[in-house]
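Only one chain is shown below, in structure tokens, and it's the form predicted alone.
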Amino acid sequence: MPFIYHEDDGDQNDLSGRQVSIIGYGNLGRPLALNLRDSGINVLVGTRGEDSREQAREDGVEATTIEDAVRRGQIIFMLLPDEVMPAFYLEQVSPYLKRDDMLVFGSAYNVAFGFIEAPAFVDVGLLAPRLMGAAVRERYESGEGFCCFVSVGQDASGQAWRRLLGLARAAGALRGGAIEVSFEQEAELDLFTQQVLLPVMQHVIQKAAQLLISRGYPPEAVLTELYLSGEFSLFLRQAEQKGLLPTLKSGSLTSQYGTFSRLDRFNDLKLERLMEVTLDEIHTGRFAQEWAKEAADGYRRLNSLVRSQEDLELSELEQQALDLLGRSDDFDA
């Protein structure tokens, strides 16, 4: 059983006198920087460009270059996108690391697959939220906090866990529970969700919408019923708090019978095998190498795949439904 850390397991005093340098001010960097700042942590942001630095300053956070942030910091929180992080680490982070520094990663990807190797004289930790960036900030502000995965890959100082848990508490991560995993497990679980659950959900929704629309149901009603109403997200939110089975059992008897009596129809052995193949690709590093080649090629295949989804009739119908529901502005934001 993995160990789960809670609020009482972390102490912000373990960060006393240590400058936290956030490297990157994007999807995850900005929310975490603001959370730490609001918890009274001394935060410095290091960014790739002046636009991001200006955004940080407007938010009331001191900002500088990546090199300067690493020089001045003792806890270096790496929150750049996975595909660009190794180059920036090699050129603008690694040369300025000092003994007793701590490198913390918001994603284990580059460490797990060997694209980044930290020197032996620094601590290496992982604080990986299980939510997208906006929710990390929202749940901090609401007082809920958020779940995360934590790990120590290298404890050069003998204080790595204390510092990591102090950082996690200040970020709001211990309120939702911090689960201890290895770097490899975090990276592989994250990729598995992206490459199995999300494609299956996308495929099922598209096929269901196409069937219902072909049978004469209004597109706006179909898409609203499937996901635009927010009912499915509320179902998942309830499952987050109570568990999946109790949430299913909280539905009407008609809903329960319809769900449980049809469950075996979708018990497809082919799907299970596809999951195994996908996990093997992740675990062996084949996907990481594939993605590295794709990034080096300027994302040509990715751009083509995105365009093919945008060209689907369902995408146009979805936008029309959003327009009719008066959500276009919120959707575009």
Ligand SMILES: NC(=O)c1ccc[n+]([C@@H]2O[C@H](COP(=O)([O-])OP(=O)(O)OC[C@H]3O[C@@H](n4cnc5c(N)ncnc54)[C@H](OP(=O)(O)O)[C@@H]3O)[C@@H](O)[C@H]2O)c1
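Don't overthink the numbering: it's just position in the shown sequence, from 1. Quantities reported herein were computed from a predicted structural model and do not represent experimental measurements.
There is another form of the same protein, the form predicted together with this ligand; it is not shown, and what comes next is about it.
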{"property": "In the predicted bound form, the one of Asn27, Asn42, Thr65, Ser39 near this ligand [non-hydrogen atom within 4.5 angstroms]", "result": "Asn27"}
{"property": "Contacting member of Pro119, Gly153, Gly177, Pro81, with respect to this ligand in the predicted bound form [4.5 Å, heavy atom]", "result": "Pro81"}
{"property": "Which of 227 to 235, 111 to 119, 211 to 219, 73 to 81 sits within 4.5 Å of this ligand in the predicted bound form, heavy atom basis", "result": "73 to 81"}
{"property": "Partner contact for Thr47 in the predicted bound form: this ligand, 4.5 angstroms, heavy atom", "result": "yes"}
{"property": "Contact of Gly133 with this ligand in the predicted bound form (heavy atom, 4.5 Å)", "result": "yes"}
{"property": "4.5 Å heavy atom contact, Gly125 to this ligand in the predicted bound form", "result": "no"}
{"property": "Touches this ligand in the predicted bound form: Tyr89 (any heavy atom, 4.5 Å)", "result": "no"}
